[in-house]
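First comes one chain, alone, set out as structure tokens in the form predicted on its own.
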Amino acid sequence: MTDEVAVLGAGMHPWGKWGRGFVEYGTVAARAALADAGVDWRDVGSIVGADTVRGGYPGYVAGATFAKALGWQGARVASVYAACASGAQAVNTARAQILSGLADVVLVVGADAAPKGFFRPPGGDRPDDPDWLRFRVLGATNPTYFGLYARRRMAVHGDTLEDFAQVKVKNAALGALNPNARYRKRVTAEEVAASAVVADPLRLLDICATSDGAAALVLSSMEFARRHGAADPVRIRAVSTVTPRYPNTVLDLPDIATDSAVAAEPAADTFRASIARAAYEEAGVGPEDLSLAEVYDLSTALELQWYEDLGLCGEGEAAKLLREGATAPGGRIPVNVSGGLASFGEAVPAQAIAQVCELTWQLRGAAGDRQVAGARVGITANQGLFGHGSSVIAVR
């Protein structure tokens, strides 16, 4: 087990389509996290920014951008990019700085002003870029990718359109209770079924949107937390940022082919399952210890896949777990009590940080109408393109 770091503060800028720049959103979230922590900006020793990339340019190099926006005060800066896993990489970088003694207090910020519609690659020819190839060679937009996963689950495990719709119904009901969510309206299974087909079998309400938004955390050493008067803070016990193992025999975009298993035996578990396993091993806990989970529901079908990858149930049993109500509020293991991406949409560098914000509020008992009773251990799960694992375990 790695030494723990304290989460002193959490803050967000609400998700939506606001028509302003990501720096403004990130600054709002950062100030909210500092206020929540009761920490003065001048006492922050380092700031880690999770980058977004637009047209090949990484978010003005986010660490220094946010340091400037908050007011230069000499803090260390770092900027990280790992696609949708950028937030977890930022948390891990901050944790490493604290545990190495480079800083007592670190501010982590991620923010995005997403383009309208689904993500697409920038122009130009980049035949060595797997993300460019999957768009140009296969025409595999993100919704196409999500639809393929849904079809796989239907074919292999017998999941149904009704199962997918129930994931949206659950998450929309929770998002309606979250003041930071973009979509705050309950939906019915009939409304999901009646929404437009985007990538068969998935409907519009099965797929998350692209959004503007920001999230921030103030992390510190346990010693600083005690001096600061936080006797029992939420603590980060594990961060998993693992990569896949060769050979990868399950198609996982942006890669457009699998590896041959002739020369090497495939790993015992899939890439996504290995992300969670590494987090559990570092934290010294297992799925049976969890109070809640925040997972990366790019689509309703992908949320079901995460149930299995986190070990909440056996392979092929995710739909059964959902139908039993185990992942709903009051169930054995509530999932996406924030409302998930179904209610927020993607704000790429912010979403893994936002997941930790939700764990923080839940473990403090401060989540209001979304509160999971007696929450003590929470996990996040996320995946970035190009093999970036992302999982954080927080405890109290």
Partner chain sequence: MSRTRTPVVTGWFTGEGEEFRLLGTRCSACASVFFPREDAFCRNPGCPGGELAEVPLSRRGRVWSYTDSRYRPPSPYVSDPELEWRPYALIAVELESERLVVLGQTVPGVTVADLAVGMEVEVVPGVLNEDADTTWTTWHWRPTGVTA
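Residue numbers count along the first chain shown, from 1. As the structure is a computational prediction, the values presented were derived from the model and not from experiment.
As for the form predicted together with the partner chain, it is not shown, yet the points below apply to it.
Note on contacts: among 186, 136, 157, 226, the single residue with a heavy atom within 4.5 Å of the partner chain in the predicted bound form is 136. Scanning 235, 76, 320, 151 against the partner chain in the predicted bound form with a 4.5 Å heavy atom cut-off leaves one residue, 151. Although the partner is absent from the chain shown here, none of 191, 267 and 386 has a heavy atom within 4.5 Å of the partner chain in the predicted bound form. The chain is drawn here without the partner chain; in the predicted bound form, the stretch among 322-330, 87-95, 246-254, 214-222 whose residues come within 4.5 Å of it by any heavy atom is 246-254. The closest non-hydrogen atom of residue 258 lies within 4.5 Å of the partner chain in the predicted bound form.
Interface residue remark: residue 231 is not counted as part of the site for the partner chain in the predicted bound form, having no heavy atom within 4.5 Å. Contact check for residue 316: no non-hydrogen atom falls within 4.5 Å of the partner chain in the predicted bound form. A residue is said to contact a partner when one of its heavy atoms sits within 4.5 Å of a partner heavy atom; residue 210 fails this definition for the partner chain in the predicted bound form, lying far away. No residues of 91-113 lie near the partner chain in the predicted bound form, the criterion being any heavy atom within 4.5 Å.
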